[in-house]
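Shown here is one chain on its own, the form predicted on its own, set out as structure tokens.
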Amino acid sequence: MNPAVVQLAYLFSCILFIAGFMQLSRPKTAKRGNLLGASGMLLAIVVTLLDKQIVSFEIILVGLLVGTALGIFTALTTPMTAMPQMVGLLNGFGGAASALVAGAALFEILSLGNPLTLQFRIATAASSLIGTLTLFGSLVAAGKLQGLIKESPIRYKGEQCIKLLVLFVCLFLGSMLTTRPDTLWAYWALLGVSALLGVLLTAPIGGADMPVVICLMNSYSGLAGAATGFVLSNTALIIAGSLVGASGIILTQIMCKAMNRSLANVLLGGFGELKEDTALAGTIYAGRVKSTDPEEVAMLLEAASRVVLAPGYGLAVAQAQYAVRDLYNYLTSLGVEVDFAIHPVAGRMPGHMSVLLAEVDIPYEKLKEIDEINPEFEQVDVAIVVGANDVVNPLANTDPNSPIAGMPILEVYKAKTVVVIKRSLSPGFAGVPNPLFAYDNTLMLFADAKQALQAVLASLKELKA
């Protein structure tokens, strides 16, 4: 193909990538953003195949068919509760692809006896290191989320020193690969030590902080892709990888702020080791927790003019999004104003609650972010907390010694009445009790979220019959 046409196509692909990222900033336009980004990638792939003719199209077709079949199968069989694990795995696969492509390019050029440029050597080392780290870090993160690896942080004496030592070994091997690329043992050794580093960086992080880890691994996969773009001298891949890397870092910073973490904590790991304070829980809850039943909640909703639901991971576990939708539709039909309070880290990945609610066609304009909804809680008649805990815990504002001190929370306690749907008084990921459960305006509905919401709706319909 004409080089000018190829570069023009790559430029158009990058424009589509940028437009897609801009659309992804809002739930209402996210689907359009995905389509724009996918279209840009499709264009870049087609142009690259026509220009480079790397392998026969028969092999490419087989790869497309196998990959498409696996993608459709996993998309149809993965429940929404496992979507964070899926996102983590996809991040890892992206990193693995970058490392393997860089390695394949290295072996091909060496087998042909062609000289290696300094850019190629540095980029190959960077892609191999970051891509392998991303793969194994993502595997550990997905394992923790799936329960295959214990969610609590895996700690050991001198862990930070060991991680720094392994990092220095990676850098040494990367320099060997850069200065003496014909020394292929350095490439394989770099892959192995980078894999170890990915495990060591992720293992000390607790399950509560997996949203931050997923963002960070997403950024790493983008950086690995950009490095591979330099290996192949592919402009579209460089720009696309840079966009993913930069957006991942920005999202990581947003998640850190939402969880009151510093980026240094995330990069070094070793945070999230929080233990339940049972003594404090006894002091807070003793004789002050008031339980309720679906019938009483239905009576509260019957008299309400404005209701806000605050979903959490418990909603995903119970697969209660359809029950939430049915309750929302019925309350709306009665003329009740219903909104949803969305905390950035509710669930186990960024946007987890938004995805669940979008799945059941809750209008996007009803999803209110924390800064928008918090000033309105004083005008809310009933706030219903569905499976959330730490993101509504007032200790974040009142106890400077709490592990969640300073973390922005949904201020549901300001509502006239708060109904918390939860199986028990057990703490959230942070391991600290929640004084909200003992507030004078709080009622606890101890039940599975899906069953509780269905019972509330049935009782409400009986009242209106």
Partner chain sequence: MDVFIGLLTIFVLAMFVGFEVITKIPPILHTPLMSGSNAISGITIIGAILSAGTKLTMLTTVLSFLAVVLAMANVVGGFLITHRMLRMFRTKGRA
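Numbering follows the first chain given and starts at 1. Only a predicted model underlies this, so the values are computations on that prediction, with no experimental measurement involved. The term rigid core refers to the maximal set of C-alpha atoms that superpose within 1.5 Å between the two forms.
Form predicted in complex with the partner chain: not shown, discussed below.
- A single residue from the set S152, T178, S354, T292 has any heavy atom within 4.5 angstroms of the partner chain in the model of the complex; that residue is S354.
- V101 is the sole member of A189, L139, V101, A298 with a non-hydrogen atom lying within 4.5 angstroms of the partner chain in the model of the complex.
- Per the 4.5 Å heavy atom criterion, the partner chain in the model of the complex is contacted by stretch 83-91, the sole one of 83-91, 165-173, 388-396, 373-381.
- Not displayed here, the partner chain is approached by I362 to within 4.5 Å at the level of heavy atoms in the model of the complex.
- The partner chain in the model of the complex is approached by K31, whose closest heavy atom lies within 4.5 angstroms of it.
- Under a 4.5 angstroms non-hydrogen atom cutoff, the partner chain in the model of the complex lacks A304 among its neighbouring residues.
- Contact between I18 and the partner chain in the model of the complex is found at the 4.5 Å heavy atom cutoff.
- Annotation for 215-237: interface residues with the partner chain in the model of the complex are C215, N218, S221, G222, L223, A226, T228, F230, L232, S233, N234, T235, A236, L237 [heavy atom within 4.5 Å].
- L356: CA moves less than 2 Å between this form and the one not shown after rigid-core fitting.
- Relative to the superposed rigid core, the position of the CA of L36 differs between this form and the one not shown by 2 Å or more.
- Superposition of the core reveals a Cα shift of less than 2 Å for F340 between this form and the one not shown.
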